[in-house]
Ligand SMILES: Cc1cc2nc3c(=O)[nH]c(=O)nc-3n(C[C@H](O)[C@H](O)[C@H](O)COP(=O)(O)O)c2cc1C
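Just the one chain here, the form predicted alone, laid out as structure tokens.
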């Protein structure tokens, strides 16, 4: 039986796009079998999408020290409908910020703790233009969360 990894992202910049693509490349590596990767823009994701997934990767810029309004909106729309049904599911997070990501990390930690999700890998937080090691970390994040969903 196939598992589903949902990548919920807000990708407003070329740097966020590069990180998103690296996460997808890791999550869809040919060695990872039996995991379907579904991607949804944060402003379009629904509670049904969240309920249908077995794990999550969240991607957002850190704007003014907080998660993007788009990712906040996704949680505002989905939080209560998924609250009791997604406990224990693994998640990962990647962030791009030019002025610190700590507030955004804390926000996601608070939300996911409330949902009962399990942090599956270290967060990937990047400032400035993502270099090769940064994109490799994004690839690893996608691969790690996806691999945890395999049998």
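Positions refer to the first chain, counted from 1. Fair warning: this is a prediction, and the values are worked out from it, not measured in the lab.
The next section is about a form of this same protein that is not shown, the form predicted together with the ligand.
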- Item | the ligand overlaid from its position in the model of the complex: site open or blocked at 2.4 Å backbone/C-beta | blocked
- Only one of 37 to 45, 97 to 105, 111 to 119, 22 to 30 sits within 4.5 Å of the ligand in the model of the complex by heavy atom distance, namely 97 to 105
- Message: Please tell me whether any heavy atom belonging to residue 64 falls inside 4.5 Å of a heavy atom of the ligand, as the geometry stands in the model of the complex.
- Response: yes
- Message: Within 4.5 Å, heavy atoms only: does residue 139 come near the ligand in the model of the complex?
- Response: no
- Indicate whether residue 16 is a 4.5 Å heavy atom neighbour of the ligand in the model of the complex. yes
- Message: Using a 4.5 Å cut-off on any heavy atom, which residues of 29 to 59 would contact the ligand in the model of the complex?
- Response: none
